[in-house]
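The chain below stands alone and is given in C-alpha cells; this is the form predicted alone.
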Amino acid sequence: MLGAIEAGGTKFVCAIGTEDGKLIKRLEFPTEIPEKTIPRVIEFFRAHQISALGIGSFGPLDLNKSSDTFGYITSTPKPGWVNFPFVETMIEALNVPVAFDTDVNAAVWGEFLFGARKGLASCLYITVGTGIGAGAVVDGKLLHGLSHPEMGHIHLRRHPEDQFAGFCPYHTDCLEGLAAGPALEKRWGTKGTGLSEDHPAWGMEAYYLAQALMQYILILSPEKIIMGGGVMKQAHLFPRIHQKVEQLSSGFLSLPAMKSYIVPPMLENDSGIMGALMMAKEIYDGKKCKK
C-alpha cells in the first residue's frame, strides 16, 4: 500500500492506493491551519500500513535536497503554513520515505502517466482555482530547476477595460492576481459560479489565460495543455480560450486543433492524487534499489 496527499489551498485529499494506480480509499477535508489539518492526515495514514508517501502541495516549496529547509512550505500566503516542515513532520509521524513536489507537478504527472497525454513526451497542467499554478513534463520528466516553476505569477498585458488592482500579495496584478478564483470574486462581487455564461467576466478571464498559455507554448512547446481547477469547471471557458490562443498564434505558430490541444483533465478530480501516488511508488522503488 502507498499513501498520497494532494494538499490544496482549499482542501486536502488523502488516499491509499497500489503501485499500479488503483485507489483503495480516500478522504477529503478543508485545509485549515496545520494544527487542525495535519493530525487528521496522520490519523488517516496510521490506520493503514503504507510503505511510502507522495505529497503534492500548494507552495511555494523548498525542493532543494541540500537545503536546511528542504520539504518546507515556504513563503505561502496561506495563513499558518509559512515555513511548515511538511516532509519532516510526515517522516516523524509515519516512518516511511516521503516524495515531495508541488500540487501542479503531481497533477501533471498523474495526467502524463494515466490521463490526457496519450503517449506524448511532454505536457503542461495549469490549475485555475484559489490560486494559479502550472507544472510541466518535458522529455518524460517533471520540470525542475533553481526551484519549481511558478507559472501563476507571470506578468501580462492588462485587459483595456480592467480597472481591478489585482489581489496577489506579492505582485498585485500577476496572472494569479488577475485571473484566479478570488480575483473573479473581488472584481465582480460574486464567485464565478454566480456569473452567467454571457457575463463580461469570462471574456476577460479568457484574455488573461490565453496570454499565459501563449507564453508557456512559446517557451516550453508542450504537446498537450491540460487545464483544471475550480474556475475551469466553467466548461464554456474552453472555447473562449481556444479562440484567443488561435488569435495570438495566428501567422506565427502552427498549433494542433484547439479542442484536442487545450483540454480538461482526463482524470477529472484525481489528477493530483494519482500523481502523488506514483511519486510514492518511485521513492519506494528507489529505496528498494539502494538496499
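Residue indices: 1-based, along the sequence shown. Only a predicted model underlies this, so the values are computations on that prediction, with no experimental measurement involved. Think of the rigid core as the biggest set of C-alphas that the two forms share within 1.5 Å after superposition.
Unshown form predicted in complex with a further copy of the same chain; subsequent notes refer to it.
**Student:** Counting only heavy atoms and a 4.5 Å cutoff, which of 102-110, 82-90, 138-146, 184-192 contacts a further copy of the same chain in the predicted bound form?
**Tutor:** Careful reading of the contacts points to 138-146.
**Student:** Determine whether any heavy atom of M151 comes within 4.5 Å of a heavy atom of a further copy of the same chain in the predicted bound form, and answer yes or no.
**Tutor:** Contact with a further copy of the same chain, yes.
**Student:** Even though a further copy of the same chain is not shown here, does K118 get within 4.5 Å of it in the predicted bound form, heavy atoms only?
**Tutor:** Looking in the predicted bound form, residue contacts with a further copy of the same chain do not include K118, since no heavy atom lies within 4.5 Å.
**Student:** Consider Y261 of the chain shown here, and say whether it contacts a further copy of the same chain in the predicted bound form, taking contact as heavy atoms within 4.5 Å.
**Tutor:** Y261: contacts a further copy of the same chain in the predicted bound form.
**Student:** Even though the partner isn't displayed, in the predicted bound form is V96 close enough to a further copy of the same chain, meaning a heavy atom within 4.5 Å?
**Tutor:** Close contact is absent here: in the predicted bound form, V96 is far from a further copy of the same chain, nothing within 4.5 Å, heavy atoms only.
**Student:** Counting only heavy atoms and a 4.5 Å cut-off, does a further copy of the same chain in the predicted bound form sit next to every one of H171, I219 and L255?
**Tutor:** Verified in the predicted bound form; spot residues all in contact, yes.
**Student:** Going by heavy atoms, what in 151-167 lies within 4.5 angstroms of a further copy of the same chain in the predicted bound form?
**Tutor:** Going through 151-167 in order - heavy atoms within 4.5 Å of a further copy of the same chain in the predicted bound form - the hits are M151, H153, I154, H155, L156, R157, R158.
**Student:** Take the rigid core as the frame of reference and indicate whether the C-alpha of G119 shifts by 2 Å or more between this form and the one not shown.
**Tutor:** Shift at G119: 2 Å or more after core fit.
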